[in-house]
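As a starting point, one isolated chain is supplied in structure tokens, in the form predicted alone.
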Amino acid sequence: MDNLLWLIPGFPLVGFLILTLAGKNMSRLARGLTGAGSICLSAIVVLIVGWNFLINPPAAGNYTQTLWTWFEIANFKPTITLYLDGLSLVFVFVITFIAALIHIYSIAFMAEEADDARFFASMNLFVFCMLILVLASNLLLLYLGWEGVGLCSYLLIGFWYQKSENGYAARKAFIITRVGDTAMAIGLFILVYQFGTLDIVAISHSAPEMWQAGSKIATLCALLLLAGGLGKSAQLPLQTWLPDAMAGPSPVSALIHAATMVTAGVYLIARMHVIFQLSPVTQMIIAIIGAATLIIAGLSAIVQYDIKRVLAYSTMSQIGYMFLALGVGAWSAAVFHFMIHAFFKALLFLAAGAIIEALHHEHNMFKMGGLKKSLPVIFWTFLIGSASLAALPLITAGFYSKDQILWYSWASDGGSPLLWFTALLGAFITAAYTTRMMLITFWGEAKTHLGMRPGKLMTIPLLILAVFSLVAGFIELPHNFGHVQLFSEITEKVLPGTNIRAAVSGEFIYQIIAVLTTLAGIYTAYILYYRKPMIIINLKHSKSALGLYQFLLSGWRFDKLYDTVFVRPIVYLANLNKDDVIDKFYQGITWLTGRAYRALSFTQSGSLRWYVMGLLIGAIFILTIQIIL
């Protein structure tokens, strides 16, 4: 089966090439079928390879396919090699499965878009780059995919480039993520200097032998790799690009948030977990950043009025949970939550896109309302996705994945009561803003006339994702719920088990606390936004409450902070140096060259006597030098 690996990224690449070279000459239906069909074929190959991987596990624990040697410099010989193990299998399944449903949905969503060929070509390239990222056997090939998803995010966020704010959002995402990418590149240089290779398996085997736990070089490499992950996954302090990324079409938002770009950081840290285990300080930093991000983003989500920005801040918060799990060493729990989050977040973004289209491109939730009866399929699927996001107990997949993180944040060796309380507070906030979103959008009176109703191409993907948002959690039940631990069996050979402190017990009690916290969040939002909305209305008349509202609405004013500290000084220096001092040097060389040319041009008079005299003077000069020396 390893000889089929190249087909997984190959089909999206072929779709991209066809749409790029011939898309304008194809019919609208042909363009949609090419874009969606190529991803569906890739998903089918993943199912075939994955089924064989699970039924007949390879002796080496992985499938490897070397396509060719990239280049060779001394002993450094990076190859184009695809590598599939339990970890990458989970990611390629989620990427291709979610992307296939998003592409099918997009056929209807982009039906009236004149430039849909560019859209589907960029989406296919996006999926190709993400698949290369997670299938790469070495960090150099991974970095190629890493930069590829950054480029594609720029193309897709700014897809409607006619509006200047969309172009700004695309540039913002591109530039901010470059900060982390630059640090990551430096980390790769250090790794290749230390190990002479960027092969992931080789580094994972050699690092514990070469470095001691807590060594400075291990910490430096871990921090540099972490910086790359923070940029792509929109975690503090590189999180400000993600809310503005909502400028792209809704299918783009679903793809970025559920299956591709923002999950790249989670994959990188999980894949290179050996490096991070050698740096306990870095792991603690990861946990703290994840905990801080989930609170900051959650509080921002609870005041947003744009339905897509609520979901954007929700993504930041849920990725924060994954980083918290990675920081405390709960590797499998982080990846499990990534998978479940992909299902319900893709569902929510696609359903939000259907609502926005049906209401004449209205994004403001407070101008919606009354959609429970007019859009029943959207309502029920959105309700299921919201319930999974809020981790409604027992019946949703989100409960089982988030429950693991809450437990490990307390019970693992890297956990602590403070991290557990922060995660618990995040669960309360998540339940509150999710309930608020549901109540404002679907209950009450309709405030905007309903236009186009979504067709089957848009609703069928929603129904499929809704099913997975309910049942996918049962592949990894908590220990006291049953013995189904399929997900751990898939990843156990790649990711080490989480160390649980021997003195910790009473997991069921902590689960009850988590359940009560979630229900309390739901009930609080129900009271404030349905039963007694005057409480919120009266708060808006308070100057201090209004100030807090504006502070949270702006994302804690990180944009203003960065504008003051970084953007304005750089623009000021650029204006001072608008003529570019460095260019003066090269302009001087050009000026001297021109002067020398004009001076020498006088010797080209066309007179034979001047030429003979020149030869004579030159001969005399040479003879004189020889006599003197």
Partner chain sequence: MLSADDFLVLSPIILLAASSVVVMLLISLKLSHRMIQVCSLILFAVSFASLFFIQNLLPYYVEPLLVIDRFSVFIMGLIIFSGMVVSVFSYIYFEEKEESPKEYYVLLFLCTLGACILAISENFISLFLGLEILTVGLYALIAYLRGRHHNIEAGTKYLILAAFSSSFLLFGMALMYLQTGGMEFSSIASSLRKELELPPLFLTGFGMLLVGLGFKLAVVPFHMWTADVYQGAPTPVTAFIASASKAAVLAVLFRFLLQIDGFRFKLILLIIICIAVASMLIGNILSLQQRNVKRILAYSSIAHLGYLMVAFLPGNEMSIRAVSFYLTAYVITTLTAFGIMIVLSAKDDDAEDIESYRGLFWQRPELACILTASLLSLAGIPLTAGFVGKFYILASGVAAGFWVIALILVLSSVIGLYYYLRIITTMFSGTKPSVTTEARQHPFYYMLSLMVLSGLTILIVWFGVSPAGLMHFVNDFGLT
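Not measured: the values here are computed from a predicted model. Positions refer to the first chain, counted from 1.
In what follows, reference is made to the form predicted in complex with its partner chain, a form of this protein that is not presented.
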Check all three, Leu519, Ala545 and Gln550, heavy atom within 4.5 Å of its partner chain in the predicted complex: no
4.5 Å heavy atom contact, Ala596 to its partner chain in the predicted complex: yes
Heavy atom of Leu616 within 4.5 Å of its partner chain in the predicted complex: yes
Proximity of Val612 to its partner chain in the predicted complex, heavy atoms at 4.5 Å: yes
Contact of Asn3 with its partner chain in the predicted complex (heavy atom, 4.5 Å): no
Partner-facing stretch of 557 to 565, 37 to 45, 56 to 64, 597 to 605, counted where any non-hydrogen atom is within 4.5 angstroms of its partner chain in the predicted complex: 597 to 605
